[in-house]
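A lone chain, given as structure tokens: the form predicted alone.
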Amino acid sequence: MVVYHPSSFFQGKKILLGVTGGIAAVKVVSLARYLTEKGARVTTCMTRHALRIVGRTSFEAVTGERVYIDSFAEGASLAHITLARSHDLILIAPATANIIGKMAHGIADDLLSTLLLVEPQKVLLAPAMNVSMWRNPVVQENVKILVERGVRIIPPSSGKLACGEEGEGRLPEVEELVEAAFQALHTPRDLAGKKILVTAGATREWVDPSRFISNPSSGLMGCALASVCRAWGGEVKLITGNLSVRVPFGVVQEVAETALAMREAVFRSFGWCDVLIMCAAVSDFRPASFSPSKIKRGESAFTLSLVPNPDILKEIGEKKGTKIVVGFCAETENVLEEAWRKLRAKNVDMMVANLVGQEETGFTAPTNKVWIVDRKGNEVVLPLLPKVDVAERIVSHLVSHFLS
């Protein structure tokens, strides 16, 4: 499971997990387990309808914490106040049409619906229900009311529902719920109001319909940066070549398979953004021609002619104006020297370099060691870290030196 948050982020966080009576409640046990394993203190508050789907023992076993159901039965008449105020985040998953309607209209007829009135700014709702219920104008109006009041909503996923129908209404997967919690809890939020354009993944340059030239980039580093930028409050768009990882929660994706398509997509969106982070592994060369039919094996040697692709980062650097541009380079030797050289040659604000061809760093590894240099003369060497931790450090450097 690929989840985009720094490895120690949830350590010490206090999360109140509200579980209501949707069939997706069975998936939430895995969410509680994950957050607990990452160091969060997870307390569960269940509705009585939720108990008919999944027992309280399951949550108690994975969190090691008491499960709350009814404040009076528990002998804690102020539980609705203390639970809401003692937690950093109140995540309702699944959020049924019933609990959404109650919160929108101030109905407090059980412990969970009552505590939602105490600290609404801490609430993160993950709706899950039948597609017709989700699209019902009453439900949509209730969602609109909550959004206008500042309540955060995780949009339901589309797909096959428990009832057998297809459409919107699925509870997002655990990793997406985790990322939504990460983004909701993250401080500081210095990228709020900023538009961030990130490129990620490997471009492909086609030789014929069955063969292409590419590189091993998974896209993990770029996707991690997109998730972290969103957690810092930015509006994020991700332009991707080929990815072997999923797109982070809450990030808009545009696919650009080739270097020429990537160039077109970047220039089309460059006017929209405040910051461009060019993390994609763009092919330096492409075949001089494309064969519309598969090239057959022959007895003689086959020669493939290549022509250079445009240097997108250099072109952007010449036209960037006041926008902030961050470049990436992968090197096999003289990493720091190449980082400084490319920073100047491409006229960018920051250059992030890493050593490729090593087991623990580079394209396919989950970890990376990078060097950061910038036009203000700063030079930072990061130790070997998970790529999402590297992303957090890169964004922190970007904010502190160029956006604060």
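Please read these numbers as outputs of a predicted model, since none were measured by experiment. The first residue of the sequence shown is number 1, and the count goes up from there.
Below: the form predicted in complex with a small molecule, not depicted.
Of the candidates Ile372, Val67, Val29, Val356, Val356 is the one whose heavy atoms come within 4.5 Å of the small molecule in the model of the complex; the others do not. In terms of contact with the small molecule in the model of the complex, the residue from Ile213, Ala330, Ala184, Ala265 that brings a heavy atom within 4.5 Å is Ala330. The small molecule is not drawn, but in the model of the complex it has no heavy atom within 4.5 Å of Glu119. In the model of the complex, no heavy atom of Leu111 sits within 4.5 Å of the small molecule. In the model of the complex, no heavy atom of Thr43 sits within 4.5 Å of the small molecule. Shown alone here, Ala180 lies farther than 4.5 Å from the small molecule in the model of the complex, counting heavy atoms only. Contact annotation for the candidate site: Ser217, Cys279 and Val282 all lie close to the small molecule in the model of the complex (heavy atom within 4.5 Å).
Residues of just one listed stretch (373 to 381, 348 to 356, 35 to 43, 54 to 62) have heavy atoms within 4.5 Å of the small molecule in the model of the complex: 348 to 356.
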